[in-house]
Ligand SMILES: C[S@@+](CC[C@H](N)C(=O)[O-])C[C@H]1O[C@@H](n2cnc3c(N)ncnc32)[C@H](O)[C@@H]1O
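The chain below stands alone and is given in structure tokens; this is the form predicted on its own.
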């Protein structure tokens, strides 16, 4: 019965997304307003962005360096900037970066933009915080827009992410990633262990009957014995 309800909700969500995103739409948080292009991950009709924003609102980011890996609408980056952080926002979607540039000017907030597939174009950078809202549905994305939703048939996104994170784990002890119970969390954790990474649950929140988790990603070798 639960699976049937989820399938029904997903059908209407997909239909709603199609109708809602016929044109750019606004999204606001803490007096920050962004215009979101239809080809960019939609914070309006999803809940993960709001959960991350509420979580970050409790963290002191002044004079910290924050990387939003896969920024989408960029409102998380803008919020971190408003809280006093030096912010780097990356995305594989050039349209997302173009709109974030405009939105940063509109909100008078500074964000450094880097066009990059995960860490490919990020070298020799040190971050206090890395924030990740990943794609997690196991399907091959057909285009850049779908890369915000689909991680590959065999979770290739996570395999690459965790392998690259091992090069940054020593310089950033605050790596946060949000996942929904709607994805294969246990399998994603197995992939992480192959890169010697572990998940610590720092937040669990249920919205519309679905549990969402924010995990802190750590190196197993750096864990206290």
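None of these values were measured; they are calculated from a predicted model. Positions refer to the first chain, counted from 1.
What comes next is about the form predicted together with this ligand, which is not displayed.
Chemist: Residue-level contact is defined here as any heavy atom of the residue lying within 4.5 Å of this ligand in the predicted complex; does residue 86 satisfy this criterion?
Modeler: No, residue 86 is distant from the partner.
Chemist: Evaluate residue 95 for contact with this ligand in the predicted complex, applying a 4.5 angstroms cut-off between non-hydrogen atoms, and reply yes or no.
Modeler: Contact with this ligand, no.
Chemist: Taking this ligand as it sits in the predicted complex, is residue 71 near enough to touch it, meaning that at least one heavy atom pair lies within 4.5 angstroms?
Modeler: Yes, residue 71 sits close enough to this ligand in the predicted complex that at least one of its heavy atoms falls within 4.5 Å.
Chemist: Though only this chain appears here, would residue 148 touch this ligand in the predicted complex if you measure heavy atom gaps against 4.5 Å?
Modeler: Residue 148: yes, in contact with this ligand in the predicted complex.
Chemist: Quick check: do 76, 118 and 135 each get a heavy atom within 4.5 Å of this ligand in the predicted complex?
Modeler: Yes: 76, 118 and 135 each sit within 4.5 Å of this ligand in the predicted complex.
Chemist: Determine which one of 194-202, 181-189, 62-70, 167-175 lies within 4.5 Å of this ligand in the predicted complex, judging by heavy atom distances; exactly one does.
Modeler: In short, 62-70.
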